[in-house]
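Heads up, the chain below is alone and in the form predicted alone; it's given as structure tokens.
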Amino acid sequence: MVLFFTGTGNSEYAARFLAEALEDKLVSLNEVLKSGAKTAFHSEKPFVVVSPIYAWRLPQRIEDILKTAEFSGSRDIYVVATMGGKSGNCGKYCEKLCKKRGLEWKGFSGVVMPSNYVVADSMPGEEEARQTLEAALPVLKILAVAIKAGKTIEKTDKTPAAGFLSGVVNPMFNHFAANSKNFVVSDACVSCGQCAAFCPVNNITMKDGKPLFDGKCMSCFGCINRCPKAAINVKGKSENNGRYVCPPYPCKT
């Protein structure tokens, strides 16, 4: 079973590739989180968790699933993380969580995907994104072959000061930055409601035709990047950085 969480589509792209290659079931953790359903998963094949990296670890809500979900059938678990470049000690934290649950740890690997951290970076154009996705496909294929054979996978990137980034910076990110306190909505908003419909943690409600943000945001930035009018921003940080949504898998090249 391939379980994925995504904000802008990168991890869904990777997960669909893996599910197809492994001939396995695909499950959206976005839908699980949004529905509030009990996190119980059963698979006779290994579990493959696909998620973006936020500040050198998996998003806190996805770590919570690893901590609390019921996994039955297979005891093998892999984690494949989409990232901008470096994974820090993300894999070590995942390994610790999975082993604590009695799962058989089969490894972690990061896959470089198009940049999507809209509050700090300019979003890639169509051609740049296409090239990055093309480069990711051979990496995903290697991972799929290893997973199908039951072999372990390993990270290939190295992160300077990984312990500090994953152990100190990440908790600070979750405490101070993973929120929607500074989100603003411009007059370009057309009241389409796509932001509320997508939000995986139901942090957005529509009032008088405009989105209102609650206190549950996990900073996936799906609402910002997916807004058809670029009307949602983190004030003073994302206005000039463009928008990015991963093309659906398979990418036409």
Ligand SMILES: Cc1cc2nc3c(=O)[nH]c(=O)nc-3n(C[C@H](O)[C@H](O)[C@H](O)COP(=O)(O)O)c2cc1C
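All figures in this text were calculated on a predicted structure; none of them were measured in a lab. Numbers for residues come from their place in the sequence shown, where the first is 1.
The same protein has a further form, the form predicted together with this ligand, not shown here; the description that follows concerns it.
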Check residue 54 for me: does it contact this ligand in the model of the complex (non-hydrogen atoms, 4.5 angstroms)? yes
| request: Check whether residue 84 has any heavy atom within 4.5 Å of a heavy atom of this ligand in the model of the complex, and answer yes or no. | output: yes
Can you work out whether residue 221 and this ligand are in contact in the model of the complex, taking contact to mean some heavy atom pair no more than 4.5 Å apart? yes
### Task
Although this ligand is absent from this view, report whether residue 93 comes within 4.5 Å of it in the model of the complex, heavy atoms only.
no
Answer key, this ligand contact in the model of the complex at 4.5 Å (heavy atoms) among 115, 89, 132, 109: the residue is 115
For this ligand in the model of the complex, the stretch among 55 to 63, 199 to 207, 41 to 49, 185 to 193 with residues bearing a heavy atom within 4.5 Å is 55 to 63
